[in-house]
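Before any questions on binding or motion, here is one chain by itself as structure tokens, the form predicted on its own.
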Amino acid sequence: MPLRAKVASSVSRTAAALSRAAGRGDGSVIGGWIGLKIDPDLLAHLSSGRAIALVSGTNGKTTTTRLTAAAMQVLGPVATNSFGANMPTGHTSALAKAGATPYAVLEVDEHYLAQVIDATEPRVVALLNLSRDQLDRAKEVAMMAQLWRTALAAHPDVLVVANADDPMVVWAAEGSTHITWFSAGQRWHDDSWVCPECGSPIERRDAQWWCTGCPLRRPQPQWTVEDDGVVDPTGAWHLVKLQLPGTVNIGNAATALAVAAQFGVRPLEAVPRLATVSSVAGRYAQVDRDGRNIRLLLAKNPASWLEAFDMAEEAPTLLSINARDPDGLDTSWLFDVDFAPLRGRQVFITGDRAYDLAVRLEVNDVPFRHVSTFEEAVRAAPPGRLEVIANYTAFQDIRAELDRVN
């Protein structure tokens, strides 16, 4: 690297380390921010010489990135932004901290995908899904799909691994030269009833979907989820045993295997590595406190709340909602979530916008108890499992109370 980039990288690592030592966080953002101030091209310099995979989408990208990095470790050391800092500052910090590694797997915020492709020149880009998120400041789903489509058209040599079950992802990826399709299922359909190509309705039957007005339809996937395993392009079925809950994570594992295969990693080698992942930046972490086994689940938009209810056991459940800048300030999305699966269990609510959540639960006929703090919820819950489902900053608040469990 040029001298300026070497200095910037060194300062980035030092700033991140000081942030961690001061208890101000893991340093994933501040280190990269300072490094890029010294050398605006630092991310490109740090990416040079590495074989890189980028993972983007509205939901599941942190978990899929972690699983992909685990699978890729078959080949050697892998740099990754494992704490979820998914903008260029986080990528820069992660690569600077890792030092010289032959591979990198980076989670990328869907808004920044085009910029990060330009800077890192990845070998593989994985596209997971697109749905509404942070409505007060994020683009509509069709606009995001168009951004992706344009970005990929500018990089025809990139190997694209894309979700065949999401019409928006298929439309964004279909112009690419090299595409591998995976099927991880799509339970949330409310953001893809209208064709992004022609505006006609999209119809669905079983696993298939198609546009009623143009040729856009579900492609045939090479990687599919079947029962508790994944079928690879040869037709071989691989049992996937994970420490992570929910069927959605079998789909994330299928994506990780498909990405790793683009680098020459065989599923037989990768599958055992997936089982080593027990939590992801606090997601799915389990902590024992005062006789309660507390499990943390992150849910930040309607699609991810649907999956969180699938993961959670029928046990006392704490819901925590904030509406700070990283969450989006608009909580109207709560009315797109069906909270009926919580009926019949003990429900606690807390957070800055607990009263917004209270109104939604009243409408959904779900009894609840308001608690002022996380500790109050722990005291009020009976001994045993306590499921905690929270949106982003509420999740981080609770994680901090549990000593920033990872």
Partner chain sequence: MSESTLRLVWVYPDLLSTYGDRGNLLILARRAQQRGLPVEIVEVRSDRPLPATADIYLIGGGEDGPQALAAQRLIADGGMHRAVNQGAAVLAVCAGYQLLGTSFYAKGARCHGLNMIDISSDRGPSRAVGELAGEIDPRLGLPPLSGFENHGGRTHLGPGVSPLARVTTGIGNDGQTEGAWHGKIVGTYSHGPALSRNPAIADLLLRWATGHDRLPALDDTWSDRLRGERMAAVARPA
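Bear in mind the structure is a predicted one, so any value in this text is a computation, not a measurement. Residue numbers count along the first chain shown, from 1.
Only in words, not in the display: the form predicted together with the partner chain, which the text now covers.
Student: For the chain shown here without its partner, which stretch in 228 to 236, 274 to 282, 90 to 98, 327 to 335 has non-hydrogen atoms within 4.5 angstroms of the partner chain in the predicted complex?
Tutor: Result of the contact check: 327 to 335.
Student: Looking at Ile52, Ala44, Ile30, Ala358 here, can you tell me which has any non-hydrogen atom within 4.5 angstroms of the partner chain in the predicted complex?
Tutor: The option sitting close enough to the partner is Ala358.
Student: Check Glu203, Glu362 and Phe368: does every one of them have a heavy atom within 4.5 Å of the partner chain in the predicted complex?
Tutor: All three within 4.5 Å in the predicted complex.
Student: Glu140 near the partner chain in the predicted complex, any heavy atom under 4.5 Å?
Tutor: Yes, Glu140 sits close enough to the partner chain in the predicted complex that at least one of its heavy atoms falls within 4.5 Å.
Student: Using a 4.5 Å heavy atom cut-off, state whether Ala315 contacts the partner chain in the predicted complex.
Tutor: Answer no; every heavy atom of Ala315 is more than 4.5 Å from the partner chain in the predicted complex.
Student: Under a 4.5 Å heavy atom criterion, is Arg218 part of the interface with the partner chain in the predicted complex?
Tutor: Arg218: no, not in contact with the partner chain in the predicted complex.
Student: Is there a non-hydrogen atom of Val194 within 4.5 angstroms of a non-hydrogen atom of the partner chain in the predicted complex?
Tutor: Taking the distances in the predicted complex, the answer for Val194 is yes, it comes within 4.5 Å of the partner chain.
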